[in-house]
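Each of the two blocks below gives one form of the same protein chain as structure tokens; they are labelled structure 1 and structure 2.
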Structure 1
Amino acid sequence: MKILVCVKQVPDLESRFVPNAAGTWFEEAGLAFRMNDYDEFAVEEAVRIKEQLGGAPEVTVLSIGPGRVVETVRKAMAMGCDHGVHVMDQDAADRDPWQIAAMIAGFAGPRRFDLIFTGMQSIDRGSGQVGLLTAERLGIACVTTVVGFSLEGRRATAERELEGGARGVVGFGLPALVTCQLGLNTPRYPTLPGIMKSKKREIECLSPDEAGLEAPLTMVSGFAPQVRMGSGTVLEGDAVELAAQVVALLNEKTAVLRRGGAQ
């Protein structure tokens, strides 16, 4: 059995974000980067299956981005992945989901993976489209927002998180792609021996064209920080006092109670 897990390196959300000069994304200088939260669950689930099956499956981790994403690939290898693949793409932040899916599918297609794990979405763009598009391009089953997973032979069962707190259970055959939701498992911390081994392992490097890059279907027209609105006003008191305060505010800030242009 062959397993692929796709990870993305994202900025820490505690960072201060400002638009870049082109106004298409944020300025990366000075930001701290780490593995996408949802992808940590994907890595953990892939490694658990490997352990469940006695270490027989080979787990490959793939990431697309500039040179810094190698750190994230090595973290996944330290967690238990066997092979690392880096698609060296300095313009990854400008790629739309179709292009990212094209590169993942271009790599995965000829290698015929039995299972592909991705995060449900990334915490920076949050499109939730890459996994779906990759499965569509590969022509394999796709199960999304998975919070429970089990595998027996070539059949898998997944529990999906639905709207309103409902859960759905889906059975499907391999090959398949699964997008992982928060709570699927508890991601492990890389051990020191795992970290040391990951530093010695060779990581395969591909160019975007070698991976199968295609033209985009969408383009970013603008990127700007959220406009901060004024703070609200909290009124306190009994019903009579509150009514008087509301009338006073309406008189002061609006023309709702005015007639003929005079108070």
Structure 2
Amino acid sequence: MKILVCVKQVPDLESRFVPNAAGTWFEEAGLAFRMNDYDEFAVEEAVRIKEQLGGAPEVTVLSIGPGRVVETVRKAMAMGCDHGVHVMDQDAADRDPWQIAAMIAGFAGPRRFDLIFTGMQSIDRGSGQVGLLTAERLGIACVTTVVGFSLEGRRATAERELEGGARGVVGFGLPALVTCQLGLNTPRYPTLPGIMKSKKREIECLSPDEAGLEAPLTMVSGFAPQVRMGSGTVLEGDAVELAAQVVALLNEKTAVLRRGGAQ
């Protein structure tokens, strides 16, 4: 059994973002990068399946991006992936979902993976398309927004999360691609020996063309801070003073403190 996990490196969202000169994406300088949240669930699920099957499956992790993404590939290896692949793409941030999917499918096609895990969306751009587009290109089954997954032989059962917390249970055969949602599992922390071991491993490096880059289907014509509609009051300062100000404002603007909750 061969498993592929696709991981994207994303910035810390608590950062302040400044548009780049072209006005198409953010300036990277000064930002901290890490593995996309949803992709951590993907890595964890792949490694769990490997463990459940007594270590037999081979798990490959793939990331497309500039040199910095090697760090994320190594993290996935430290969590238990066997092979690392890096598509060295300096312009990854300008690629649209179609182009990312073309490269993943181009890489995965001839290697015939039985299972592919991706995140359901990336938190910086969040198109939620890459997994589905990849599966459609490969002509394999695809189940999205998965919060429960089990495998029996070459038959899988998955729970899709729907609105309001309901779930849709579906069954499918391999090969298949699954997009992982929050709640699927709790990703492990890499262990120190895992980290040490992953540092020594070789990572296969491909160019975008070798992976199968195609022309884009969309272009970005603007990137700017959100226009803030919020007209609320912003308070800063010492906690005790803030508390007094907040109580005064709650008294003035709402009736909740008079209803007897607080005495």
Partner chain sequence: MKTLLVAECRQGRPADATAELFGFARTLGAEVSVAYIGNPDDLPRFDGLVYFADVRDSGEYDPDVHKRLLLQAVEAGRPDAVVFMHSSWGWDLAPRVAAALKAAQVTEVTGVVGEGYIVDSCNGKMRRTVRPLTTTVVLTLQPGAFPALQPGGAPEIHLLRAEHGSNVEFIRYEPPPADGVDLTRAEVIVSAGRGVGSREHVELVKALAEALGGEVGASRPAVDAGWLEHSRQVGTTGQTVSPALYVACGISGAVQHLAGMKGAAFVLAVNTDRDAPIGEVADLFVVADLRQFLPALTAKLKR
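Not measured: the values here are computed from a predicted model. Residue numbering: sequential along structure 1, first residue numbered 1. Think of the rigid core as the biggest set of C-alphas that the two forms share within 1.5 Å after superposition.
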Worksheet item: Which of the two structures shown, 1 or 2, corresponds to the form predicted alone?
Response: 1
Worksheet item: L13: CA shift of at least 2 Å between the two structures after core fit?
Response: no
Worksheet item: Can a Cα shift of no less than 2 Å be assigned to A22 between the two structures, given superposition on the rigid core?
Response: no
Practice prompt. Just grab the Cα shift of V246 between the two structures for me, core aligned, in angstrom.
Written response: 22.5
